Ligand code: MLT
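Coming up is one lone chain in structure tokens, specifically the form predicted alone.
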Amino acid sequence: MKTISLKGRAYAYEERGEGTPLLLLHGFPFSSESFWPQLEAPPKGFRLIAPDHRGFGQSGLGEGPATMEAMAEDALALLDALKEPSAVIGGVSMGGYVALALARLDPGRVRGLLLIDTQSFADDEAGKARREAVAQDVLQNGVAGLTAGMLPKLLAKTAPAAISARVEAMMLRQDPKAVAAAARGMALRSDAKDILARFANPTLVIVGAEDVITPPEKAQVMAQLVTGARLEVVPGAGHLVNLEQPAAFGGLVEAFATRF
């Protein structure tokens, strides 16, 4: 992996392919490894840039909750370091929250949005309480319990065992402090429907048909807010459509590349 330094903290990223820059932001609690099919075969038409959020993978953590705005600022700093004035911004699940935060912070740098298995809603009070419970649990007991609880919800029932095993291994490798910081950061995020209602650039929303975490109904809400947005529901996929159906996902992303 490559790294840049952000105030003395390492920020790691992978880079593949050629074309329009696509900053692709991973979900919780993963790393850029969660884009392994796309890193192995980058979508044609895009220069794929996939960082590790603060504390995940090979990136340093930093202080306090890892808010969506803080992670968006990291991503913008990476674009600065790569001398990219703008990019298509994409994200899976939590990465989608970061993408929307980035669009709020600096909309002029967002050439398009690629929102994957994510949502625009903020947490309600019960959701915030669950985030805090996750943070406290992983700090006390590590990530094994979180992994065991999340894994059955992440993938469609038909997902190959090899994918499930690799996802599980990736989750177990993450730093409990980073997982806790991100859980607390997600609890602090704002509702993003206003961002989407103002957004006028090309937007593609992709969701697995069997996603039980952010189901197609939530994807439809996002797509309806952006004039001209396209919604694609992918059969045979749960919450990690880019891993479960990489060929279908890649085809949709390559078609999206023709809009830039």
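So that there is no doubt, residue numbering starts at 1 and follows the sequence shown. This is a predicted model, so every value here is computed, not measured.
Below, we refer to the form predicted in complex with this ligand, which is not included among the displayed structures.
- Looking at G57, you'd find every heavy atom of it more than 4.5 angstroms from this ligand in the model of the complex.
- At a distance threshold of 4.5 angstroms between non-hydrogen atoms, L39 is out of contact with this ligand in the model of the complex.
- When this ligand is considered in the model of the complex, V212 lies well away from it, no heavy atom lying within 4.5 Å.
- Heavy atoms of M150 reach within 4.5 Å of this ligand in the model of the complex, making it an interface residue.
- The stretch that touches this ligand in the model of the complex, counting heavy atoms within 4.5 Å, is 87 to 95, out of 159 to 167, 87 to 95, 100 to 108, 173 to 181.
- Screening V138, M186, L113, A75 for any heavy atom within 4.5 Å of this ligand in the model of the complex leaves a single hit, M186.
- Annotation for 228 to 260: the only interface residue with this ligand in the model of the complex is H239 [heavy atom within 4.5 Å].
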